[in-house]
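This document starts with one chain, in the form predicted alone, laid out as structure tokens.
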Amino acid sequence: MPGWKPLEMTALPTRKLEAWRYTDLRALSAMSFGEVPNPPAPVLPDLALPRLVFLNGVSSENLSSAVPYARGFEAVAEPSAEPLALINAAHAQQGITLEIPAGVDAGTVLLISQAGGTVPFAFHPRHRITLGAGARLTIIEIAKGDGVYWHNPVTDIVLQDGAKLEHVRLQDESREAFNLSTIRAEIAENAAYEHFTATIGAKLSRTEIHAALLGTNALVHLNAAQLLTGTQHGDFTSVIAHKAPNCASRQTVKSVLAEKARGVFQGRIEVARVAQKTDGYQMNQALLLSPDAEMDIKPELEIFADDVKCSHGATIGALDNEQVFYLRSRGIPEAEARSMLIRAFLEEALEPVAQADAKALLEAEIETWWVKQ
């Protein structure tokens, strides 16, 4: 699989673009990536679920299980001018295509990416998920790794009438890695896209989601939790386009930032003239555990319809010392008291995760993150 040619790094977006003003890719553009190395021995989650496993971006038949309605990578023309999607389309050689027939409940599927090597490398998987009318599916996507690499996945999602997809993502890449993920979802009449991302790993990461509500009574929930420390940079950017009447969107993004970490939330709601009775809401809250941590928030509303209900809110603060003192006065050690308060802060973002294995996985990862602080 070919590596990344340094000359092509000029195609990366820069901070001159408004959508990238808070995320600087110069550290990535300065790097040279070679051939994709053989991956180290994988460490997979202990979950008894059908799985699709990718090692250094390459599908592993030995570690994957038989997943109904799944097939391999299919090259498609890139319809957009998004820089990262164009780079992905030019280099994608691996990925998964899932097509769930109408009326089928396909259960839960694990999508695992594990990366690692002794030299910097890049991989650009392209996934496509289509649910027929009334179909159901839960995807638990896990990305982990070691070493220096760039993971640049693109996932295209199409939900037909009445379909429902629960998409839970754990991004726990190497602290030396770059993860730039693009997700695009088309949601038809009465369909629902439930999304949750936990951002814990990577030196620099960005999750960019474009969701289009195309039919009446379509629904999208985009929730996330960012837990960052050191000099990590995490960016959660979303664009929700209401293009039909009587649709609803909800976003709750919470960030816990320690040391010199930096978090970004950009949330844009677009309401077309035809999209009367739109109900859109976004909330971003950040908890700064250090005076050197930073959070940048940019909510946007673009509304052309008359009869809508759209709102947004944002808060940034520190742990309440009085609450910490209260818990300590009840015999709870300070570290445990702080952990309890952080867990309570994140509860609202985690609440929509319905799948039991996914919720247990996320709760364990959050607890492990706090213990390491």
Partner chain sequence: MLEIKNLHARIGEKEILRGVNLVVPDGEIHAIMGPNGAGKSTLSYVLSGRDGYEVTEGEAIYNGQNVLEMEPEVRAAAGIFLAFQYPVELTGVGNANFLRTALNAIRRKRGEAELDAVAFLKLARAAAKTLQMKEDFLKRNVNVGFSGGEKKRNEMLQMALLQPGLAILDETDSGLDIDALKIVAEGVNALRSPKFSALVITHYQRLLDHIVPDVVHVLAGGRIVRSGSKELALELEAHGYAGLEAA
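Because the structure is predicted, anything quoted here is derived from the model rather than measured. Residue numbers count along the first chain shown, from 1.
If you look for the form predicted in complex with its partner chain, you will not find it shown, but the lines that follow are about it.
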Taking 4.5 angstroms as the heavy atom distance cut-off, pick the stretch from 50-58, 65-73, 325-333, 27-35 that is near its partner chain in the predicted bound form. 325-333
Can you tell me if residue 340 lies within 4.5 angstroms of its partner chain in the predicted bound form, counting non-hydrogen atoms only? yes
Can you tell me if residue 43 lies within 4.5 angstroms of its partner chain in the predicted bound form, counting non-hydrogen atoms only? no
Judged by heavy atom distances of 4.5 Å or less, which residues of 17-53 approach its partner chain in the predicted bound form? none
